[in-house]
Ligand SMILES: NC(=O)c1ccc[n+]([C@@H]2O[C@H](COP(=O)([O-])OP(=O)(O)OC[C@H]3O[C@@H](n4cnc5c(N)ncnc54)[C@H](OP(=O)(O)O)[C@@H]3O)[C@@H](O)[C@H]2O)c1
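The form predicted on its own is given below as one chain in structure tokens.
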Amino acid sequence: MADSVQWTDKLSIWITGAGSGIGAALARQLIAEGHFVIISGRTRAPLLTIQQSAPKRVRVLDCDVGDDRSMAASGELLGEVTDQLDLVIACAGTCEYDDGLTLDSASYRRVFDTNFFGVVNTLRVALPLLASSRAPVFVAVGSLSSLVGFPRAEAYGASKAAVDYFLQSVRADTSLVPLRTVLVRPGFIDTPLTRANDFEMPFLMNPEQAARRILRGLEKKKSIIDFPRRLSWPLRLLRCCSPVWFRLIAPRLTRIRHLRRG
């Protein structure tokens, strides 16, 4: 199969979190294929850089997916830019680790606002325009970390697990209508977020590789796109054999040796 995926028809596409990482890589590949692409993010400058490759087919839409007011305004602007959306890819994401099990609720809310409620808000805003398409597709980026409980990842992993269940429920609710939902669960991707990690990241992929995996999965009409398989299959197995994870592997990963007192 060729490196890039080609659709027969040119699509109207909206990508959130398009300023960097997987979102930016997807935007560049889809723009190169000739689609009309709306790109969103909280920082305008990188979006404008992407737009320069095809100014007539790329629109920049400023929005913060975790902010209800921002998304309400984005919904109005979307309606002015296009009368339908064929493909929506919710890529916006963030990560904050819970070091020492502090259970800081403000940190958890920030992570959930972007990673989970950002997906909910994106679908809410996009749904009327997706309904105008003959074969609409809604994609949300989760994470392989939702398969098992990783130390320090209580907020991040839980937010991605929530995305997983949310899409399953949406898929059930839309089983009689054309909307297709797709969950993407990547492993470690080289992005500004992961570069801050202070631990080994096995099978690290670059965003361009990840984008190609996603587009190939969409072409094959998959409902779940997991990659890389060298990481996804062991994690799936460990999810089924959770005692192995919690007795043998998790104790090697955790940094907590005692509970805080007082």
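Computed from a predicted model, the values in this text were never measured in an experiment. Just count from 1 along the sequence shown to find any residue number.
If you look for the form predicted in complex with this ligand, you will not find it shown, but the lines that follow are about it.
Here is the short version: of Ser223, Thr194, Asn206, Thr49, the single residue with a heavy atom within 4.5 Å of this ligand in the model of the complex is Thr194. In summary, among the residues Arg57, Arg216, Arg42, Arg236, the only one with a non-hydrogen atom within 4.5 Å of this ligand in the model of the complex is Arg42. This ligand in the model of the complex is approached by Cys63, whose closest heavy atom lies within 4.5 angstroms of it. The closest heavy atom approach of Pro186 to this ligand in the model of the complex falls within 4.5 Å. Proximity of Cys91 to this ligand in the model of the complex falls within the 4.5 Å heavy atom cutoff. At least one heavy atom of Ser143 is located within 4.5 Å of this ligand in the model of the complex.
Stretch 156 to 164 is the contacting one of 98 to 106, 174 to 182, 156 to 164, 72 to 80, since its residues have non-hydrogen atoms within 4.5 Å of this ligand in the model of the complex. Applying a 4.5 Å heavy atom cutoff to this ligand in the model of the complex picks out Gly21, Ile22, Gly23, Gly41 from 21 to 41, in order along the sequence.
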